[in-house]
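Shown here is one chain on its own, the form predicted alone, set out as structure tokens.
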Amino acid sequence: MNTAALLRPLAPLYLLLSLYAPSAAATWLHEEADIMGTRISVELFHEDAAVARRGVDGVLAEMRRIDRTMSPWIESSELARLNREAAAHPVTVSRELFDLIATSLHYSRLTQGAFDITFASVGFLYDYRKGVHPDEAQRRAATDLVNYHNLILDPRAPSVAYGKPGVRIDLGGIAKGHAVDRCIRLLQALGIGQALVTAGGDSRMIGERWQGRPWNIGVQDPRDASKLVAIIPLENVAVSTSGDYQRYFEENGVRYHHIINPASGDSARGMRSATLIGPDATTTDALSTSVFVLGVEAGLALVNRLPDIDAILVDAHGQLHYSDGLLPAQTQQDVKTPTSAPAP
């Protein structure tokens, strides 16, 4: 793992990008857009400005295509159709969606159910903007439907069916990572070897940032957006952060957030943030959600068993924990989120 240990503890959540300012050359491009319910960012370099432009446009178009396919909120999407019809009969889906659901089931088995896309069977009862959560009876009834074994996949069609009425799925814990990986492959096919693609808390970078310098990725303090818990110099890896501060509300001192524990149907509350580093964003996206649900002890045990995976965790008390592959450097208090950095 190319994490060249510049880990500076603080207290965290988001993935903030500590990027060098773009060069004056027209072939460094950086654009952002709101897609898939989050902020999408792409930064890349190519000697040919036309190729660089095609790369940026291609990333944004691919993100929009995946959103149209996999959003549970777009009625015409394949995933929305599944949630409407798959309890009644098998629904034929694209190979891409089928394979991503199959990958999701792999992580369900790997984590013994901590990752489960059927969490949506209870998750739809929460509205974080309006501060709404199910009562105890509603939560228990809906949680009975949360079980990845309720998904019946037929690779020949390919098709997906739900084993019980009321089952729903949501790919929010893996689709953005998948989208990032698709975009990186698109850029590589264009011959672009230096790039960073980010979708919310999921990022993947290829090549170096500039003239031997790595990409510097900052992990945000989950309770103070002006601080970072770590700054990590990285190349050719993916990083994903899951945290309790992105979509949440509080009621009577209890924080309700969007990372649902499939076993309880309630928000997982053992951690504030889980940042995973690995070879691709599909993997780190699924594992960051899983580790957050598992908690520090079980989460680190899982990470330490997996090759080429590392983690930086912030527990419910704000304490930092690292996987065996990461050695934290000296603690530095009150590291501020950088507002600028030297140009390449």
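Sequential numbering from 1, following the sequence displayed. Everything numeric in this text was worked out from a predicted model, so none of it was measured.
Only in words, not in the display: the form predicted together with adenosine-5'-diphosphate, which the text now covers.
Peer 1: Within 4.5 Å of adenosine-5'-diphosphate in the predicted bound form, heavy atoms considered, which of 218, 172, 214, 222?
Peer 2: Selected residue: 172.
Peer 1: If you check 229, 122, 117, 183 against adenosine-5'-diphosphate in the predicted bound form, which one has a heavy atom within 4.5 Å?
Peer 2: Contact residue from the list: 117.
Peer 1: Does adenosine-5'-diphosphate, in the predicted bound form, lie within 4.5 angstroms of each residue among 269, 275 and 314, using heavy atoms as the measure?
Peer 2: Checking in the predicted bound form: none of 269, 275 and 314 is within 4.5 Å of adenosine-5'-diphosphate.
Peer 1: Would you classify residue 247 as touching adenosine-5'-diphosphate in the predicted bound form, given a 4.5 Å non-hydrogen atom cut-off?
Peer 2: Yes.
Peer 1: Residue 203 near adenosine-5'-diphosphate in the predicted bound form, any heavy atom under 4.5 Å?
Peer 2: Although adenosine-5'-diphosphate is absent here, residue 203 would stay clear of it in the predicted bound form, with no heavy atoms inside 4.5 Å.
Peer 1: Find out whether any non-hydrogen atom of residue 289 is located within 4.5 angstroms of adenosine-5'-diphosphate in the predicted bound form, and reply yes or no.
Peer 2: Yes.
Peer 1: Quick one: is residue 258 in contact with adenosine-5'-diphosphate in the predicted bound form, heavy atoms, 4.5 Å cut-off?
Peer 2: Although adenosine-5'-diphosphate is absent here, residue 258 would touch it in the predicted bound form, with heavy atoms inside 4.5 Å.
Peer 1: Spot the stretch among 203-211, 248-256, 160-168, 107-115 with residues whose non-hydrogen atoms come within 4.5 Å of adenosine-5'-diphosphate in the predicted bound form.
Peer 2: It is 107-115 that comes within 4.5 Å of the partner.
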